[in-house]
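Only one chain is shown below, in structure tokens, and it's the form predicted alone.
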Amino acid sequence: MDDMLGYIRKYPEMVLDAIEATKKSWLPSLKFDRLLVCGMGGSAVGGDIAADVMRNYGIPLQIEISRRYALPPYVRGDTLVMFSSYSGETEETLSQFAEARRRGLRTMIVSSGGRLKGWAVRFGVPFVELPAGFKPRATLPYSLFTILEYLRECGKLDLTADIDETVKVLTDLREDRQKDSEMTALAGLMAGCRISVYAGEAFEAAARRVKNQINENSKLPASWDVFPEMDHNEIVGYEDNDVNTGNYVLLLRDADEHPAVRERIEATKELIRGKVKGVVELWSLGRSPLAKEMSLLFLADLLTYYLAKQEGKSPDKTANIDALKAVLKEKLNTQDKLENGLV
């Protein structure tokens, strides 16, 4: 079994492990009005999904994600800044941590090691240690459920029943050979295509995540957008031209999606169907918003894994990212400079 497929099938266990790791960390129950999650790539996606969860449950806690070298200038004492880097070596995240230290902001760290773990110990920063040995993009349950468990401990929300449902839905999907076959068949249709991922407003973060997984796992170009916004601009790109004839559109759907969004999706499908190679849909499973979103992400991960196999690519490797990191290490050496600056 490839490592990536093994990681995907461990999602139910990762959910439970993330909750337990957070509980064992004995984090202080801080008071804050906003949560800023600083991270890149697979380490940031937990914040994205958590923000979806807050909106979908109607919980009035603002969660923002910062994918930059610098912190937003408006961050003040009412914000908890969480630094999420699976490796602990992500230079953008390290840069933001150094700035947070200078500005005296309240911080916590989620990582498996690296400089961030060392800094957590050195500066006494609340820290959740994740298990090592995974690909960062395969640790979504860790990055998401660490956040959700900490928010529960701080009295911001309690999704215990819905987490139980989510684990069951993910476990059932893992054992569902029909769904596995469906993702394999979809991969066969979509192989070699540029893929546009669209979702309703409830699954904005899921659309971004699926696009990223297509890039990293499948080694294919992809884009993402959200209804209703895409109907105010991107849909015009599907007018009479031949640019899109080799493209596939992937729609993330939900039986309980907003009625107006449902009508928009159906109308958009009819407008673009003849302009692209194909339009396919993934439908969420489960009752709760959390289970629905995680079921879509699980199915999409399987799809991107099988797309990689169709392309003859390794879903585990990301050669361009590795090459770029090596160049930046040689030219900038950002991590060592930040380390020296914090001493």
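If you're wondering where the values come from, they're calculated on a predicted model, not measured in any experiment. Note that residue numbering begins at 1 and tracks the sequence as displayed.
Omitted from view is the form predicted in complex with ligand F6R, to which the following refers.
Trainee: Could you check which residue among 150, 227, 142, 86 gets a heavy atom within 4.5 Å of ligand F6R in the model of the complex?
Mentor: Of 150, 227, 142, 86, the residue with a heavy atom within 4.5 Å of ligand F6R in the model of the complex is 86.
Trainee: Please identify the residue among 262, 135, 269, 101 with any heavy atom within 4.5 Å of ligand F6R in the model of the complex.
Mentor: Looking at the other structure, the residue within range turns out to be 135.
Trainee: Using a 4.5 Å heavy atom cut-off, which stretch among 281-289, 38-46, 306-314, 62-70 contacts ligand F6R in the model of the complex?
Mentor: Result of the contact check: 38-46.
Trainee: Can you tell me if residue 321 lies within 4.5 angstroms of ligand F6R in the model of the complex, counting non-hydrogen atoms only?
Mentor: Yes, residue 321 is a contact residue.
Trainee: Is the gap between residue 329 and ligand F6R in the model of the complex 4.5 Å or less for some heavy atom pair?
Mentor: So residue 329 does not count as contacting ligand F6R.
Trainee: Would you please decide whether residue 325 lies within 4.5 angstroms of ligand F6R in the model of the complex, comparing each non-hydrogen atom pair?
Mentor: Yes, residue 325 is a contact residue.
Trainee: Could you tell me if residue 196 has a non-hydrogen atom within 4.5 Å of ligand F6R in the model of the complex?
Mentor: The answer is no: residue 196 has no heavy atom within 4.5 Å of ligand F6R.
Trainee: Would you give me the residues of 207-226 that have any heavy atom within 4.5 Å of ligand F6R in the model of the complex, in order from first to last?
Mentor: Read in sequence order, the lone residue that approaches ligand F6R (within 4.5 Å, in the model of the complex) is 216.
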